[in-house]
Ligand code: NAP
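Only one chain is included here, represented as structure tokens and corresponding to the form predicted on its own.
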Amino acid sequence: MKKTLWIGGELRETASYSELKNPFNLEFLADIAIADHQDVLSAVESAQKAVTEMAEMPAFQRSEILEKVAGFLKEDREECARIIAKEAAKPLKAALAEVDRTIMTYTFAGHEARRIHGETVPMDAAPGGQGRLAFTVREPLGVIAAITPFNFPMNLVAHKVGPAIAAGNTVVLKPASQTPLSAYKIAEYFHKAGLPAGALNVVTGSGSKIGDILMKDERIKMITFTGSPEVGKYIRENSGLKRVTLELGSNSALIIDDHVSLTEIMPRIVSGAFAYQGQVCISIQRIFVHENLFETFVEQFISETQKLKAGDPLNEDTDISAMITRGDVQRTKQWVDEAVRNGSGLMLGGNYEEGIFAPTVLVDVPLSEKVSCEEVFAPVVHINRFRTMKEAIELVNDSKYGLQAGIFTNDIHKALEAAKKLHVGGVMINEIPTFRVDQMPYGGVKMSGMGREGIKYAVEEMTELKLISFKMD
């Protein structure tokens, strides 16, 4: 199978292609087009040509296109899930859940397209403002460059393309090199739904080369990126006056307070730690447990983790499969071994077989270890103890990241203290930090990024506010 670029509403051949392989069994999947400099410029030009048509398209038409895409996803739910499972090694049940979320994301985008609005401004509230009527409107920015990661190849594309189209923008999409098939499938759906040619373009190839071209092109009005902090910082520093939103990951923490009943919540905590091999920005990486519950918690956590089944992502009962690359397996092994050498207790896992890294549980980890202070992005969790809620909050905040954090507690005062003092973009009370529904505002502080996703909030990022004032007399 060969996958060509999607530019200007048509397939476009390129001079070179690269092999895409299944991360689990290294089976050949497709030859993927590698865009050169001119291909990327052509995609931007195509998007620019469609700017006026998209900006003038009535809201109900943009909404109907998005709702049709959601409908196509419903019809092809199983096929789309298998695409994700093959190219990303995401277990099939997790891939199906991602398709369901993608349907919701485009549905929300369709709703939001119909209710983009401004507000009236009371000009006479200030001296000299009397006799004037003023209101605001929101207008699309123009061409938006969207750069997406491998871990949610359909839903994170939806979180960028959905609000961009809802707001009347055009898009140049650069999907992750390991997961281009999902992006090309979505482009196919938008074309079938009647999106104007050029409103969505998909280019694949070198992320650094394509990214540099997009950053330098003045026709690009905004870059929305999900990926590593290093790349995000580079984009922010080299994009000039373009608007930039960044979601850069985390080492999400969970606090378990004293007197919490563990039995009911333990399966959910384990799921939040190891779903999709821990390759989730808000995957639980650090768990801080009150010292009175520590031993019990560790015992129950390990017992629940041992129920997970590893294997082929296309098997319906698989919970854990291969990491995205063999190189990530080696990196994870190095980080875990280093933590153990420096005094951490290895309670479970720490080994791998081919591309599958076993779910790994560490205890009493020095917070300077990479498995704690960096984003491990692997099925690795560490569990440390604390005495007071003040200490627990300080431990969570002792991080360069700040995406989401969770706390389980029966004390409303401690819950509110955590809500106020945790320096993160989202605090989940009596919930894991891995919780997300697609209409909520989502984003981080510190090295976790800037700006917010969640359809309504992304639309605000992707539109310009204009003031219109009438002098009445």
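Keep in mind that what you see is a predicted model, and the values were worked out from it rather than measured. Note that residue numbering follows the sequence shown and begins at 1.
Note that the form predicted in complex with the named molecule isn't included here; everything after this is about it.
With the partner omitted from this view, the residue of Leu133, Leu314, Met215, Val137 that lies near the named molecule in the predicted bound form is Met215 [heavy atom within 4.5 Å]. Interface residue among Gly402, Gly142, Gly227, Gly198, judged by heavy atoms within 4.5 Å of the named molecule in the predicted bound form: Gly227. Among residues of the shown chain, Phe408 is not one whose heavy atoms approach the named molecule to within 4.5 Å in the predicted bound form.
Proximity of Gly207 to the named molecule in the predicted bound form: non-hydrogen atoms within 4.5 Å are present. When contacts are judged by a 4.5 Å heavy atom cut-off, Val336 does not count as touching the named molecule in the predicted bound form. A residue is said to contact a partner when one of its heavy atoms sits within 4.5 Å of a partner heavy atom; Val244 fails this definition for the named molecule in the predicted bound form, lying far away.
Across the proposed site, Ile255, Phe294 and Leu362 without exception lack any heavy atom within 4.5 Å of the named molecule in the predicted bound form. Look at 74-82, 229-237, 267-275, 96-104: in the predicted bound form, residues with non-hydrogen atoms within 4.5 angstroms of the named molecule sit in 229-237. Along 246-271, residues Glu247, Leu248, Gly249, Ser250 each place a heavy atom within 4.5 Å of the named molecule in the predicted bound form.
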